[in-house]
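Below you will find one chain, with nothing else, as structure tokens; this is the form predicted alone, and questions on how it binds or moves follow later.
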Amino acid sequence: MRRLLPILLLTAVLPVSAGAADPVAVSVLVPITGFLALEGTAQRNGAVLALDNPPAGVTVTYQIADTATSPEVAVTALQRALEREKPVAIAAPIFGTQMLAMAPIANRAGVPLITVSGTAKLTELGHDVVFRFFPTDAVVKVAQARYAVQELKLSKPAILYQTTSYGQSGHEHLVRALGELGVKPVLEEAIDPGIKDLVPALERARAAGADSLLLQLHSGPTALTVRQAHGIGLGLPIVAGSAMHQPTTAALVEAAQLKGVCAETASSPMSDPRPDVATFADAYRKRFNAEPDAFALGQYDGMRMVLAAVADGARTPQAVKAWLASYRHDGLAMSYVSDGTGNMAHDAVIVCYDGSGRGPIIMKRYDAVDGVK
């Protein structure tokens, strides 16, 4: 384990004060390097923007550690944070594989994990410390399937999904959602994150008679798939997973190659005209010189809910956990409330690109998909 420690990148403790109360600590443990660097950086930025602007009467310190994409590194970062920082809550990785390794440890310590991971299994294992501020695959995959079948009238999709827990979870829920709509995929193919040539898989989709591609891939592989599908003239509409909505993903693809590409997500801050969201987006751009995405906004909302709990007097991990499980919080992306297992987000949106630029358009909203309002 000791040889993994140098991978961790810890910042100095950053105190932020809005009053005279004793400070509470929060840890930010997210993947900033590796194949989830784009998603993890958005997570970190959202958390930092929230923690740097606490409500009146709240003083918070935080440290950041890079969990890369290794469960062992994530576990080491968690153990160090629990021992040294004594956090009341942890901004935890988007990577489901890391979350599955961290959850039992956090559960024993009683420290809430605030995440935007979509891996459905996280809240099915009985760990009452996991709080998910991004809609689970049981929500976003329903939106993805419904949009493809009911709005685009597609009936012969090919599914390409990652071999990671994220990919497997999304694949399972997507196939189930399609089945409930009477649609069976003509191809289901698992893709390792390290594969750079997607053309063979795309050609298999063509040979299977697919009328569309449904993707459950991480950011880099999503962009690669879109580029290579365009390069071979596949000509099929693509309805992708949430990685596609990220401005950093779209930046890896030429605008013209994005025509006909849609994606499910929790929100699209750069496309949302609501004043509060626009204010957040402006602040994010000024601070990080980048466009915000749903992962950044979800993590921001999650940390703002933690800070609301602290402002209401919850100053221990157990008190914060109880507060998160009991209260509703009106965030920027949506209203958050636990379904009893830590799923806080219950709405989804579909965004699409028209080929004229890299900014998506919000095409359809799906509210309370899982019945929780």
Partner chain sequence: MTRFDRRDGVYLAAAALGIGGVVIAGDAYALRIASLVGIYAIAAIGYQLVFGRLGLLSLAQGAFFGLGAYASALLTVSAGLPVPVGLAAAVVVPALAAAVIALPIARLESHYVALATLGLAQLALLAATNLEFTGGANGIYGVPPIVTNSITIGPLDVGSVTIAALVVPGGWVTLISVWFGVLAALLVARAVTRGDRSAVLATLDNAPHAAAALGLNGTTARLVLFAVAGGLGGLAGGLQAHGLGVVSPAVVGFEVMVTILAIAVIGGRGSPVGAVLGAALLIPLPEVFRFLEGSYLIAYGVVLLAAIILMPRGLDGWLRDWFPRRAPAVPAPRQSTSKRPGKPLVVQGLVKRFGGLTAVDGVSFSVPAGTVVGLIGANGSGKTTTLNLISGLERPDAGQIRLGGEPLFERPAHHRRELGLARSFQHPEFPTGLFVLEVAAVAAKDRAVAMAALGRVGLADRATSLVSALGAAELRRLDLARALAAEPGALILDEPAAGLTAEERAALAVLLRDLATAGLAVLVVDHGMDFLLPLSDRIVCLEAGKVIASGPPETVRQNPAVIAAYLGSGAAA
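Positions refer to the first chain, counted from 1. All figures in this text were calculated on a predicted structure; none of them were measured in a lab.
Not on display, but discussed next: the form predicted in complex with the partner chain.
Interface residue among Ala283, Leu125, Ala208, Leu181, judged by heavy atoms within 4.5 Å of the partner chain in the predicted complex: Leu125. Though the partner chain is absent from this view, in the predicted complex it lies within 4.5 Å of a heavy atom of just one residue from Ser70, Ser335, Thr59, Ser338, which is Ser70. In the predicted complex, at least one heavy atom of Thr33 sits within 4.5 Å of the partner chain. Although the partner is absent from this view, Ser268 stays clear of the partner chain in the predicted complex, with no non-hydrogen atom inside 4.5 angstroms. Residue contact check for Thr76: one or more of its heavy atoms lie within 4.5 Å of the partner chain in the predicted complex.
Mapping the unseen interface onto this chain, Gly96 counts among the residues with a heavy atom inside 4.5 Å of the partner chain in the predicted complex. Residue heavy atoms within 4.5 Å of the partner chain in the predicted complex occur in exactly one stretch of 268 to 276, 236 to 244, 143 to 151, 78 to 86, and that stretch is 78 to 86.
In the predicted complex, the partner chain lies within 4.5 angstroms of at least one heavy atom of each of the following residues of 161 to 183: Thr163, Thr164, Ser165, Gln168, in sequence order.
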